[in-house]
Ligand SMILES: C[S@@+](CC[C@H](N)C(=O)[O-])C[C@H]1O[C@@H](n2cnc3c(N)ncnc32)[C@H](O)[C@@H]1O
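Heads up, the chain below is alone and in the form predicted alone; it's given as structure tokens.
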């Protein structure tokens, strides 16, 4: 492979690993056609063809200077793989595909900045049961550091939150879901993760919405005073409950955003099985990421750093593993966050989490 002077980051290999494993699971179900809207140097397309068995790979980039590089790299694919390299803006290419009614089992949208404006046309290019794999580098607006930009780009409020990476992913998922619903389709999140710079989400496009799917869009509130968090679905909005601050600290409310599961454990298990068949596909960092995501479906949107728990108690942070075990023993769901390290996810009341944390210390 030639990287040329195109955009290439070796540290992004875990995200490419998971994309390839996801593509292999799609190829196992039938033909795999891949459209990469922002291909860069073409490494993802090359891997989709060589490692995932794609029968068709289309590499596109808006930079005309990259066309020779894309063609050179795609030449390494076997003759049985149909290849195409183009240099167009994603908007123009997606408009053409919509007119031609071309669809792909995997559409890769690895955007620089926020790709919200491309979500609807990109979803129209995904075949039913296919996957849209989205990346965004817009961290400031989605993590609550640029509230005006969050309103412009997501039509949502984004407030500072202790689980900021997860907040960004849930806002991104909410935008994807609303774009799919507007097309009359449903969505199923397969996995979501971030390293703090890029926010990545893979979503399966379903023919219709699952029963109650609209209930997965809601609001997430956080109290910066006592640390409590609350979640409400847009379909069941009511008054926020009082917290330990007794009204002394206003709630920071974010949303609308996705409040349902972040990961599909069955899909991740299939990806892990595909990795065992071809161990070279998965780097050590990618294996660690996959294991973390498998252990945390992300069903509860309430997530706290153990350091915040320690600060609320005026002591050091409680041990994460023991905190999870104690919460489960008390009858609550709990897991270490797969999105951010040293964070606990639970449906337990905040007072119970603090009490158990104090006992552990």
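Fair warning: this is a prediction, and the values are worked out from it, not measured in the lab. Residue numbers count along the first chain shown, from 1.
Omitted here: the form predicted in complex with this ligand. The next part is about that form.
- Contact here is defined as any heavy atom lying within 4.5 Å of this ligand in the predicted complex, and by that definition each of 61, 66 and 90 is a contact residue.
- Heavy atoms of residue 44 reach within 4.5 Å of this ligand in the predicted complex, making it an interface residue.
- In the predicted complex, this ligand lies farther than 4.5 Å from every heavy atom of residue 54.
- Interface membership of residue 37, defined by any non-hydrogen atom within 4.5 Å of this ligand in the predicted complex, is confirmed.
- Contact between residue 16 and this ligand in the predicted complex is found at the 4.5 Å heavy atom cutoff.
- Out of the listed residues 110, 138, 228, 105, 110 is the one that sits within 4.5 Å of this ligand in the predicted complex by at least one heavy atom.
- You can rule out all but one of 334-342, 8-16, 348-356, 21-29: in the predicted complex, only 8-16 has residues with a heavy atom within 4.5 Å of this ligand.
- Shown here without this ligand, the chain has no residue in 68-82 lying with a heavy atom within 4.5 Å of that partner in the predicted complex.
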